[in-house]
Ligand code: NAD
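Below you'll find only one chain, the form predicted alone, shown as structure tokens.
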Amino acid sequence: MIRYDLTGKTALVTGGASGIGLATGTMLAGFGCTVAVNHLPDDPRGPEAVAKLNASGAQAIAAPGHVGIAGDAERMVGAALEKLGRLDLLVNNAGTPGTRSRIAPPELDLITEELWSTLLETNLLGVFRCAKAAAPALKAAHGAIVNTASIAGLGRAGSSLAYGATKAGVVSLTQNLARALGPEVRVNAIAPGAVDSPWMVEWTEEERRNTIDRAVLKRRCTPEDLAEVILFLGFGAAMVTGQTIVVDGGLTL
């Protein structure tokens, strides 16, 4: 693993209470970065994560708020910036599948207006809201944005066709934000494959085993695997912008 000296640097990680977001915040803090951990206001895991990081000697603050709600996302970013004082990295990781079980492509009757609204507001508009609100601070710091897309946004079937469409939107938005915020700010994304992390979609053991068997590296990604790439895109990769990096152990090969 590449080691970074992030003393004096700051980051805001959305969806930071569990999974990829928590692993990213923990890794950032371990290298000396001050981390604002965004979480849903009613999620006790957020304050618990912040307390654990601070108890370990790291520097972390809570940034409660719902990126899927217009106004609340911007308020959350503003409050985090006020506490952090500057912003070097925004990790737009918050997202939702909107369903507890996979909806196969032919099951169009299960794709409701409510599902579309939930996914669009959180997975796509939430990314834009946070990026727009953070843009002035990121430009001042010559910072970076890393968005969490998905292989479902690159033509693979995800938890639903609506989910895949929102993640394809994140891929496109990443490219256009790179155009909009360059040269001061680099904007990239990761596209995870199957990840072993807390998630609303319930996998059967057979489905989980199948993703392992199909992957070239013969295992599923861990949140730490994704966090490592996020840090590289955030604080390395000086000439990389507008790109979506697939991190799936060769599952899509």
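These figures come from a predicted structure and were not determined experimentally. Sequential numbering from 1, following the sequence displayed.
The next section is about a form of this same protein that is not shown, the form predicted together with the ligand.
Heavy atoms of E202 never reach within 4.5 Å of the ligand in the predicted complex, leaving it off the interface. The ligand is not shown here, and in the predicted complex it never comes within 4.5 Å of any heavy atom of L89. Taking non-hydrogen atoms only, S197 approaches the ligand to within 4.5 angstroms in the predicted complex. Among heavy atoms of G234, none comes within 4.5 Å of the ligand in the predicted complex.
For the ligand in the predicted complex, the listed stretch (181-189, 27-35, 60-68, 47-55) containing residues with heavy atoms inside 4.5 Å is 60-68. Each of G19, D43 and Y163 is positioned with at least one heavy atom within 4.5 Å of the ligand in the predicted complex. Comment: the ligand is not present in this chain, but in the predicted complex one of A131, A94, L138, I103 has a heavy atom within 4.5 Å of it, namely A94.
Scanning 124-152 for heavy atoms within 4.5 Å of the ligand in the predicted complex gives T148, A149, S150 in sequence order.
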